[in-house]
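Before any questions on how it binds or moves, here is one chain, the form predicted alone, in structure tokens.
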């Protein structure tokens, strides 16, 4: 009789433990199917004593946020997969009533951690992450943006000087966002600006006759570079010899357009400006 009671108690305790696990951890159910996707980690933050809050760009699901339970423990199953810009294969659960997904597992495909030991590179990656989070809505599928980030990260990892990849990234963020003005004619009168002094603003590119007070001039060298960015891959552009001033001009104008459209200043951009020569 006692043996039977012990057995019944054991079964009951096992069942109760299983129920608690399902309720707290979130085992897969019909209302919470597991999803699998390639992803790039944008940022991660400590959450509680042992967890991490992770912002990531899924190749198939768009920008998302999730909780990785136990990720801060010494023997965490996540290892270094949640470091910024880790390229991973991720498995996660999602409930319609919750904003955060539950990250179950990550498998590292490619790491960019070693490159980020350089402070200037870490600032560059932080800027790319902030811009991506600012321009993409949650769950907005953006596979071209995913491929862009991977191209930029790999170029920097390969040792490319930072200004050109950042300018290329800023250019394509504006173009993918649908904010790129025509680069060959005035937005107001339609005049050709290939050989004219031009200025750029949120509303477009302007010839000298249509430029308004306060609009910032963009150099012809920068416009030529921007036109090449529209049709050439970054790998090819890296083999060319562009003036640093033209590269910086493209980057600054494109980031200005980003800030105008998101209606706020980029904090990491200010950080890079506060560090003279860091991104040269």
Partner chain sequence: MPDFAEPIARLIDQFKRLPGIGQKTAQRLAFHLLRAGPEEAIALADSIRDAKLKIRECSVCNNITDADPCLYCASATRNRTVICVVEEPHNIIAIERTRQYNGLYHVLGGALSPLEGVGPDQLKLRGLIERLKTGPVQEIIIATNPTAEGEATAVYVSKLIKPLGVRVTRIGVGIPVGSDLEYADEITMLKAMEGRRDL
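Residue numbers count along the first chain shown, from 1. No experiment lies behind these values; they were computed from the predicted model shown.
From this point on, the text means the form predicted in complex with its partner chain, which you will not see here.
* Asked: residue 208: heavy atom within 4.5 Å of its partner chain in the predicted complex?
  -> Residue 208: no, not in contact with its partner chain in the predicted complex.
* Asked: Does any heavy atom of residue 262 come within 4.5 Å of a heavy atom of its partner chain in the predicted complex?
  -> It does not: once its partner chain is placed as it appears in the predicted complex, residue 262 has no heavy atom within 4.5 Å of it.
* is_contact(residue 84, its partner chain) in the predicted complex, heavy atom dist at most 4.5 Å -> Heavy-atom contact with its partner chain at 4.5 Å: present for residue 84.
* **Partner contact for residue 225 in the predicted complex: its partner chain, 4.5 angstroms, heavy atom** => No, residue 225 sits far enough from its partner chain in the predicted complex that none of its heavy atoms falls within 4.5 Å.
* Contacting member of 149, 170, 126, 156, with respect to its partner chain in the predicted complex [4.5 Å, heavy atom] -> Here the answer is residue option 126.
* **Residue (of 135, 180, 108, 100) lying close to its partner chain in the predicted complex, criterion heavy atoms within 4.5 Å** => Looking at 135, 180, 108, 100 one by one, just 108 meets the 4.5 Å heavy-atom criterion.
* **Which of 67 to 75, 183 to 191, 199 to 207, 170 to 178 sits within 4.5 Å of its partner chain in the predicted complex, heavy atom basis** => Only one stretch passes the 4.5 Å heavy-atom test: 67 to 75.
* Since the partner is left out here, which residues of 109 to 128 would have a heavy atom within 4.5 Å of its partner chain in the predicted complex? -> Result: 111, 113, 114, 116, 117, 118, 119, 122, 123, 126.
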